[in-house]
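Included below are structure tokens for two forms of one protein chain, each presented in isolation as structure 1 and structure 2.
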Structure 1
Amino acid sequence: MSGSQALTSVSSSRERELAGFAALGARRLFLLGGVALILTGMLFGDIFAVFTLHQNAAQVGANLAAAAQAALAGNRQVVLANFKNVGAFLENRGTKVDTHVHIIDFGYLALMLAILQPWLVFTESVKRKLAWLFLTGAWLLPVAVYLIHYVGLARSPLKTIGWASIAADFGGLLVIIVTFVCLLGLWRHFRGKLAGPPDTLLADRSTEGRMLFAGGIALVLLGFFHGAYYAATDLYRHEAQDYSLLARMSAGAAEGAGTVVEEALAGYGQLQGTKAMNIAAHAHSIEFGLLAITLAFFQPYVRLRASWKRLWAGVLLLGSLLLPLCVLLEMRFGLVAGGLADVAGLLIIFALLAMGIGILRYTGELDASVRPTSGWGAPR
């Protein structure tokens, strides 16, 4: 081996060796970034639910009722004005929901990419750059989506797309590029049939890891069963009611029957609320189940006492079960169930925050204990 080749080999080995100890290695960047994204998204969702969601829905309902009354009176201008208001309220709600969903989904994707890091055939330096690029896009997109309602088309070079939308698209492009490159690195690993590095995270069998894994599977199954039950018993009936109520509204407006229109509007609002609650409960149960399963792999990186780790795992699972259940009961028990759902969301936030603090406290003991003596990542 020539001197330059030996130097390159030693440098490469040293880089892989240090990667496990790096305070801001790619895996920890993805892990901490993912937890931060999910925490922010859930906190934003709780604030939005308390201060915006219900008030927004009330404004939409009030404007629809006013539009129906104006249609009965033949006042075209008032009808148009109310529908314009409805569009503005729906856009406001839509951008907030999109912000909440995207930031949490990017958090999940970051956690998945954190799991895959040892199998990506790139240098640690490239992995770190990919992690920073991903996190840049993952934060840029939801922030830009949030601003769409407020920025609009002001000073935009395009007639139909504002600066906030352009920034959101750029953030999404960054996330897509990084995900594609990571998949390419994974493909290179399997194509080269390389032996992966020893990974204690995937081999962990701690109590809290088993709790989160089993609880996450149970939550996913509950979400699937609820979705199947709703589809089999209520979905098609609700779709038929949807069409029927809209037809009654139109017929009542044409005949000048104000009472019929008001009854149809009230029924339509209740129907939409029921559908939304069922869909939200179904989605949240599966979502939190996947979160618990993913976090189960990272418990060795949570530097807390075993009793505290078990406690926070239990708190996360409790909140993950209560939140979709309380969301499902909102139509029957109103604000009481809604308040309990918000409390359940806070339990999940507290548990995630505690795990995030534990990950920040981690200083590399696990990496030191599993440092290979031969093969991938071993010093030469």
Structure 2
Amino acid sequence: MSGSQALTSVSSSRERELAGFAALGARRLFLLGGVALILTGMLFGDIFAVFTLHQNAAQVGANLAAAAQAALAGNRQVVLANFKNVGAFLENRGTKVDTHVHIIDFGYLALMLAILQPWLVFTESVKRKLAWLFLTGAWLLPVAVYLIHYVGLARSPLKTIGWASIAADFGGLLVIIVTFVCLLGLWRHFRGKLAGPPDTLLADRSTEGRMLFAGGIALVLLGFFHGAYYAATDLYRHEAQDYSLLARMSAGAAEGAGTVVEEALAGYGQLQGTKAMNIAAHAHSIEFGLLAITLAFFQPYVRLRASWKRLWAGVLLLGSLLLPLCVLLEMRFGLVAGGLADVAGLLIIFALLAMGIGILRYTGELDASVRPTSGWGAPR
């Protein structure tokens, strides 16, 4: 092959790459938008875990104890006032957990839709509009859910649902519509019996890609086994304990038995912690497994040296294994394990950030390689 032929071949291969990954094209929007959603959600989760979660649980416990003491003293009004506080603290916690979960899950879905773009039989303009619509909904829902606790029912036309909830539901509706339209696009591809488009992402079998794919499946399986074990041994027992401890608490209060109330309160706090940690370990193991599998496909887009790519894949897998493990160990080792879980969360964030930077380098390189060379400011 002559020099000019080689140059033409490289240039056309670059153009082919750019056609599937154009600046502000659907795949790039879904990919960069998805990484941004996941990073934001993880950072938010880490900040929430360090600064809000434990303090909030302490407030819930304190108000529940105050309500039980008020029942013991026969003071109905104080009981109701304390339960109002419990409700407010639980809403605060619940909306923040929902924000964290939804923003990350929408990020995963965005990454998956990025991979599927070549199979969707729509024009690039329609795909781009779908990507923007998806990202609008994917940001609107978690932001609005976060605001539910602060906006409440202010100026709401409905009795139980405030404006923030309405906005969140609208965001969810946008995501559902876009996902459904993508399904239709895929359906058109299959109905037309079109050949699968050549895609470097799916052909990649690099070491880091295989590490992430196999590690991801192992993490999902670990999460499944833990979930199955928890459901078989503890779930129903914990549900029964939840009820019996509350019954003992209120019955003790009605009979004026302070010691019974205190014991039941202590047991109830312990039980809530155990349940929360088991569920968190199960969910995080599976979610990080899904993230690792999804990122395995994007490794060809990560413009970093091979050794660095392997390192970051290893860091992501290490953090993904450590975090759920440390969350489980929190029951036995308390804040030390909790602190390690937060560090593991940071490891995942750093690895994802590094891969995100690698992808940005790739996009910059790709755009620069096909930029028109004529005109003002072009190299001479």
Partner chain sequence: MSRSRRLLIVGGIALAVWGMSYGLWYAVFAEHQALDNIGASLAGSFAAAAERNPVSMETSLEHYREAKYIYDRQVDVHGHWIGLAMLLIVLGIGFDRVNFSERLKVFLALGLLLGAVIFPLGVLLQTLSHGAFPRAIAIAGSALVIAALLGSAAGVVARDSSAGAG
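Nothing here was measured: the structure is a model prediction, and the numbers come from that model. Counting starts at 1 with the first residue of structure 1 and goes up one by one along its sequence. Whichever C-alpha set is largest while still superposing within 1.5 Å between the two forms counts as the rigid core.
Pair member that is the form predicted alone | Answer 1, the form predicted alone.
Rigid core fitted, then: does Leu235 show a CA shift of 2 angstroms or greater between structure 1 and structure 2?
-> True for Leu235: a C-alpha shift of 2 Å or more.
Can a Cα shift of no less than 2 Å be assigned to Thr160 between structure 1 and structure 2, given superposition on the rigid core?
-> The answer is yes, as the C-alpha of Thr160 shifts between structure 1 and structure 2 by 2 Å or more after core alignment.
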